[in-house]
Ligand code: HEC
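Read the single chain below, which is given as structure tokens and is the form predicted alone.
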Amino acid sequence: MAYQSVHRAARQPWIWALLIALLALALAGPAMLFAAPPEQSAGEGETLFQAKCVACHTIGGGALVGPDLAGVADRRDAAWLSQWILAPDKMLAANDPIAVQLLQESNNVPMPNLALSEAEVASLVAFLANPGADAVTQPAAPLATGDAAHGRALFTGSSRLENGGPPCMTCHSIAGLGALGGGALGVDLTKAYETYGGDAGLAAFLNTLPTVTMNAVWSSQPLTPAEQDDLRAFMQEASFAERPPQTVWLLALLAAAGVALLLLLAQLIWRKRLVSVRKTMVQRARA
């Protein structure tokens, strides 16, 4: 009976065609699944570029901190460009020659790891390959003149930021703030104005704050345009200031004075207790 069923099926070509198609689909399906490239969307890539990249790059507007990205898809291999956008820190750690050259050309300011997904990177690469005429950076409008004194107050925290963000001094140091100069969690901002390409670059950075850490802190409490202008004016002013050479010695002196003060306090606090312990020990020995 089984032989007769197979024999009848052999006389119906559509059955064999169906079986062959199902077999081909079963074999090709996993390969197609694993080989599928990340979903690309040039529109999403443009949105990401405006949110994450304009602080350091333009398209046809000239170099800021990083290079002008007009035609970058023609200058760089697509695979290299994708890996660079995805994990620039790893490529720098591996001493990739192009990455090292870009670092040198960017005033030794490393491109940050923006924690993008592979799909987001693919969208950015698709956008950079064909940004369109509307995406080309236009000449920036003249920037407002900020108040450097108020910017200093915002930096140190003596004036509160309107949206409740922490003062810059919490994490960053800068020249002109005295011996201590601010926090050490973030980079020193003394040369930030020069490093980020002057008014245009620093204004773009303050407006977007694209790094992962900065974005996590400031996304819900952004700087107002007036605060950005004032901070930019202060950082421009600070870029001309020099840290006095005696600062290190002053810090060492303060540290030594602190240690001496702690020792003195310990002596005052524990002296009587030590005397009472000695008296008790002497009394027990005599008894």
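The numbering used is simple: start at 1 and walk along the sequence shown. Computed from a predicted model, the values in this text were never measured in an experiment.
Just so it is clear, the following notes concern the form predicted in complex with the named molecule, a form of the same protein that is not shown.
S.K.: According to a 4.5 angstroms non-hydrogen atom cut-off, is S106 in contact with the named molecule in the model of the complex?
M.R.: S106 belongs to the contact set for the named molecule.
S.K.: At the 4.5 Å heavy atom threshold, is T211 in contact with the named molecule in the model of the complex?
M.R.: Residue-level check for T211: yes, a contact with the named molecule.
S.K.: Counting only non-hydrogen atoms and a 4.5 angstroms cut-off, does R152 reach the named molecule in the model of the complex?
M.R.: No, R152 stays farther than 4.5 Å from the named molecule in the model of the complex.
S.K.: For A233, is any heavy atom within 4.5 Å of the named molecule in the model of the complex, or not?
M.R.: So A233 does not count as contacting the named molecule.
S.K.: Can you pick the one in M91, A126, A175, L206 that has a heavy atom within 4.5 Å of the named molecule in the model of the complex?
M.R.: Looking at the other structure, the residue within range turns out to be L206.
S.K.: I need to confirm a contact call. Of A148, A144, C171, A200, which residue comes within 4.5 Å of the named molecule in the model of the complex, counting heavy atoms only?
M.R.: Among A148, A144, C171, A200, a heavy atom within 4.5 Å of the named molecule in the model of the complex occurs only for C171.
S.K.: Does anything in 81-116 come within 4.5 Å of the named molecule in the model of the complex by heavy atoms, and if so which residues, in order?
M.R.: The stretch touches the partner through L81, W84, I85, L102, L103, S106, V109, P110, M111, P112, L114, L116.
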